[in-house]
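Given next, in structure tokens, is a single chain: the form predicted on its own.
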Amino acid sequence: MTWWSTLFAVSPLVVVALGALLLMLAEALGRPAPAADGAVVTDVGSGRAGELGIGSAVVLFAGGVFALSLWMVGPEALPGAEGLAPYFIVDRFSAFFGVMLCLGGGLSALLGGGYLDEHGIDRSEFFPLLLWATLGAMALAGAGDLLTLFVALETMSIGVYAMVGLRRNGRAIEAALKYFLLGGFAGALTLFGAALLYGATGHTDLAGIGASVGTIGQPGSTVPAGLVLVAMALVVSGLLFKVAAVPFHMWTPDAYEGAPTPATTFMAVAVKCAAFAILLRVLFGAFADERVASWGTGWPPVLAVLAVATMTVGNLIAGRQESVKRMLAYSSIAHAGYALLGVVAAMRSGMGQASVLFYLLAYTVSTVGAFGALILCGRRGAEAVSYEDLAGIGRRHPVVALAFSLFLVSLAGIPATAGFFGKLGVFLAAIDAELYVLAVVGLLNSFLGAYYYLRVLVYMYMREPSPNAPRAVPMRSGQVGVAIAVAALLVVWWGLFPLSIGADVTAAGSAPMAR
């Protein structure tokens, strides 16, 4: 019974891993689709993006179903789950992120199935890379030990580095190289900080580190406070890079713009959500002692300053962009600032962690939908890139424009959408924590962010393209359409009935961070 319960506890990871292996075999052993122009095809995955995209989505949605089943059974009811700690923590927190990451990854796979085929990017390795990166993200969300944290972080990151350079042109290679070099530097910071924590406390598990940090200043304690602070700064800095918080955000616009849009979508949702998951575990598992988590001497004031800087810098620069894709990249930086506000509020408010989780969930479906609608707006040779490319599309192609408008409105935080309640929850958590200045700054930034989202709507519905300007022509793809439909349904449902998932988010947010 214990063996079966242990297997069930890790079933979401097992399903995704086995699916990735089977997909690699299907890619390697399958026959390439014949080239339309009769050219010789040497890549066995050539022309099979559609079927590989569907296969990847099925695998990831199956992983999400198993994570949801784990949630319904209750991780606390599985006797074998405790045996996986501290290396992998099976709780409602990890199950919640398992569902969210599989949802975001599966929708990204559907976008890839339509986008790669339409734009002639016959790189079938995209889908195994996406699956393994999702597996790393899921493992990262449940990591309770620094060793697991680093292995999962690199598993996720290496796949994303490769996806960024998938086009193999100058811009994509430059973006991938920048992301790889800066990501390697951030990984080195995390690893060096982990080594210092082990040297200072004698533990690599987060619970053990937290217990040792709690002994600082007590008689007989040998834990050096200065070394712990330096190690904490290094580890948190490495994780803030993945979150794309200021000043660790410089890689984001180039990587987002150079990568194929489905890869950009995956980075924006899965990588960011997994990074926030492990950031919460590290802060509230290893560094929750009042001496390193107080407003006067701990990490909350530092993260508060970074949250303000992140949302403000992201919004200000996003408003100056002429590329819609680059605008969405900077807006994702601003959204990281809003989520960091919830992390800071969690030290004083019981609703802080739950607000971050709901915010990430709303952000996931809204961002997938926004990038999916941007994909749908342009076909090969007439891709939508700038604001001018979208001029008049609201009249020429109203359905596509309506879908894009819905997700932009949600990202802006306008009522009756999931994004509105995501931001509302974070601001209420800040008010409950008596962080009134941060709540006001966040609200002002939300108004500032609405400018560049509504600017897209102005171009789509109130502008016409110049006579000689190229016009974006929407593509047709069932997979992209399904991804947009699912995202739209969730944005509207959680916008109209946020309480339908409120209890689940609260339960996930109240789960212990380390064992």
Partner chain sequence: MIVFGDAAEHFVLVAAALFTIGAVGFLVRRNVLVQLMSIELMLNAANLALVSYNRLHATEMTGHVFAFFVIAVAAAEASVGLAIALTFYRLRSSVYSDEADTLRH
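Numbering follows the first chain given and starts at 1. All of these numbers come straight from a predicted model, not from anything done at the bench.
Omitted from view is the form predicted in complex with its partner chain, to which the following refers.
Proximity to its partner chain in the model of the complex, taken as a non-hydrogen atom within 4.5 angstroms, holds for one residue of 273, 433, 175, 365, which is 175. For the options 120, 74, 184, 79, the one in contact with its partner chain in the model of the complex, meaning a heavy atom within 4.5 Å, is 184. At least one heavy atom of residue 146 is located within 4.5 Å of its partner chain in the model of the complex.
Taking the partner from elsewhere, residue 405 is found to have every heavy atom lying beyond 4.5 Å of its partner chain in the model of the complex. Although the partner is absent here, residue 171 is a contact residue: one of its heavy atoms lies within 4.5 angstroms of its partner chain in the model of the complex. Although the partner is absent here, residue 326 is a contact residue: one of its heavy atoms lies within 4.5 angstroms of its partner chain in the model of the complex.
None of 176-184, 334-342, 93-101, 280-288 except one has non-hydrogen atoms within 4.5 angstroms of its partner chain in the model of the complex; the exception is 176-184. At a distance of at most 4.5 angstroms from its partner chain in the model of the complex, none of the three residues 5, 10 and 17 contributes a non-hydrogen atom. Residues are counted as partner-facing when one of their heavy atoms sits within 4.5 Å of its partner chain in the model of the complex; in 195-210 these are 195, 196, 198, 199, 201, 202, 204, in sequence order.
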